[in-house]
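Quick heads-up: it's one chain on its own, the form predicted on its own, in structure tokens.
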């Protein structure tokens, strides 16, 4: 059974624990700027929304990579960056319609959510369960992807 991150913005308090946990897990330091998940703040509404890679079934980032550096993790289904192959061209960052593939200036490579190998640090750190890691059938992921594809098709 595939699992996926489920994000409920209504439960998010904007504490940034997910960003801190992600950066520590992946970079070894507490620095939200190096996180693969971001919490957007909607100041006028007083609400927050965590956002990260949706692991698209038909991943544009993966298709765009000229060196085949984005591979599917057989255990998690996540699209992961094979750092040894990445040449830092940033084509995948342009191809991602959601802006969740980012360039790491320190390494000269791109970074994105890899679901922490199946044990996402962001979900473990979230004190309000705004981020959970559940069976993909329960996330509405297919509906979200279908809506995204429909929206993108309308812009072509």
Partner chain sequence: MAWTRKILRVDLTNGTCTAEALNMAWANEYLGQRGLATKYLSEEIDPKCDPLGPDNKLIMATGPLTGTMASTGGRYSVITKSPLTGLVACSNSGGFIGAEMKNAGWDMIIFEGKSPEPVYLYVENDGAELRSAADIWGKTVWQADEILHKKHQDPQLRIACVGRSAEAGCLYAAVVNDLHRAAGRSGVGTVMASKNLKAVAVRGTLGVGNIADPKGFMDAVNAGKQVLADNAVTGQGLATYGTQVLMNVINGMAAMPTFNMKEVQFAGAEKISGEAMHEPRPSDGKPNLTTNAGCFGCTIACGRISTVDRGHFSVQNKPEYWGNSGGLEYEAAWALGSDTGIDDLDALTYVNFLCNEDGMDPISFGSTVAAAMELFQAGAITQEHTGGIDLAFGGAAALVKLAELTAKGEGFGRDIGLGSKRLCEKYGMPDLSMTVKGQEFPAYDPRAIQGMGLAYATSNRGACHLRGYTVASEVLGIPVKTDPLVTEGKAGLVKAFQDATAAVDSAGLCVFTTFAWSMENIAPQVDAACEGDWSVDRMLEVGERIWNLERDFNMRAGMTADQDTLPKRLLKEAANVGPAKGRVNDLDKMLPEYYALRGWSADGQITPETRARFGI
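Numbering follows the first chain given and starts at 1. This is a predicted model, so every value here is computed, not measured.
Quick note: we don't show the form predicted together with its partner chain, though the next part is all about it.
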Answer yes if any heavy atom of residue 125 is within 4.5 Å of a heavy atom of its partner chain in the predicted complex; otherwise answer no.
yes
Considering non-hydrogen atoms and a 4.5 Å limit, does its partner chain approach residue 17 in the predicted complex?
yes
Just to confirm, residue 133 within 4.5 Å of its partner chain in the predicted complex by heavy atoms?
no
With a cut-off of 4.5 Å between heavy atoms, is residue 57 one of the residues that contacts its partner chain in the predicted complex?
no
From first to last in sequence, which residues of 36 to 54 have any non-hydrogen atom within 4.5 angstroms of its partner chain in the predicted complex?
38, 43, 44, 45, 46, 48
